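One chain comes next, on its own, written out as structure tokens in the form predicted on its own.
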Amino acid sequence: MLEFKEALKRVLAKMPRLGVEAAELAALNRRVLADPLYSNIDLPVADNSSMDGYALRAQDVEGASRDNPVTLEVLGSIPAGELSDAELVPGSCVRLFTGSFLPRGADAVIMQEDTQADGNVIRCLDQVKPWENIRFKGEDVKNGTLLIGGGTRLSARHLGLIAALGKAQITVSRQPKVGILATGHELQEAGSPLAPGAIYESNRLILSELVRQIGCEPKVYPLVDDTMEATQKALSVAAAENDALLTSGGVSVGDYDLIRPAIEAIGGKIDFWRVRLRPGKPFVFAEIGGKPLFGLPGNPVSAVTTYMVLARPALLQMQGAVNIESEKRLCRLSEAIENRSDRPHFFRVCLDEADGLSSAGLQGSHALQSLSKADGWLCVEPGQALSAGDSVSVMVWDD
């Protein structure tokens, strides 16, 4: 049985790298940036007003107050998005709006609330400092600045910045197409009365959404019956149509566990089988025609856990992602947790508002309710006993 860390090391070493492609701005979320992104413009592109008001010379309103207002002539207005030839002279001002470019001669903006308009003049009821209420050209981003490093997983927080640069397309790593299969004669699709001895299949749905979250393109296949012919055919078709495969079920030692022999029968190569891990010991890593296959256990919790700790980082590396680890959060245990087994145990845990940590419930590999309640996983080493109050690092969901 392979140690968990060694298994992950071997998986990552075998991951092929995909090519790159141009993606439209609206399709960038969750994609991996192929090359470093540099700014091609200044942001802001010019000095502009940070609020509605009037551009003026600060020295013209020095000492102004409600008891001692200063009157200025309004030369005109500059709506946001328009240019103006206006140039301030002593005793004058120009009406501005949030984002309006600053006219020549101005060195401050007075808030509209601190003025009283009367025809073509305003009374300034407060003074302003030089450069007050002005956003300067390039103060946020200077032309040529490195903004996002290559290998970054793009998210919504990056998209506004990219859009502000005026870039319609960005070069990203190609999305891995991931075939998702589930094997088992007992499995049944949802939506019909449950047959005697059958169970509703749930792994393909959750796995497809998990791979979508990291920028992959899932393709879910029909349920595979427990026969050698059906298993070989399903694996052959999925391997031909995808960059990687996720299977659930059929990887243990029973008479109907056919994934391993089916892989070898169609010319695939098994790299390793069984990992010192709980839940998820009967995990298979193989290749079919150079395409990686992650053979996950059939029990739902085992399937999700082995996906998160072995398949997920590998699929991210395939895309060239720099950070392939799940998010970690430092928490404090609210109760004692002990691992009495000889394998690292990934306990499903819940977080409270104060980052206190407790068990999500039943820890069996079949227990979907505790999986649905869990905020993440706590890895407890073999024989390790943790006490209430201990500070621990938790792997959280990638929602």
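The numbering used is simple: start at 1 and walk along the sequence shown. These figures come from a predicted structure and were not determined experimentally.
The same protein has a further form, the form predicted together with adenosine monophosphate, not shown here; the description that follows concerns it.
Contact with adenosine monophosphate in the predicted bound form, judged as any non-hydrogen atom within 4.5 angstroms, is confined among 181-189, 108-116, 166-174, 72-80 to 181-189. In the predicted bound form, adenosine monophosphate sits within 4.5 Å of a heavy atom belonging to G249.
Using a 4.5 Å cutoff between non-hydrogen atoms, N203 counts as a contact of adenosine monophosphate in the predicted bound form. With a 4.5 Å cutoff on heavy atoms, I199 counts as touching adenosine monophosphate in the predicted bound form. Among residues of the shown chain, P103 is not one whose heavy atoms approach adenosine monophosphate to within 4.5 Å in the predicted bound form. This chain lacks the partner; the member of G268, P297, G215, P292 within 4.5 angstroms of adenosine monophosphate in the predicted bound form by a non-hydrogen atom is P297.
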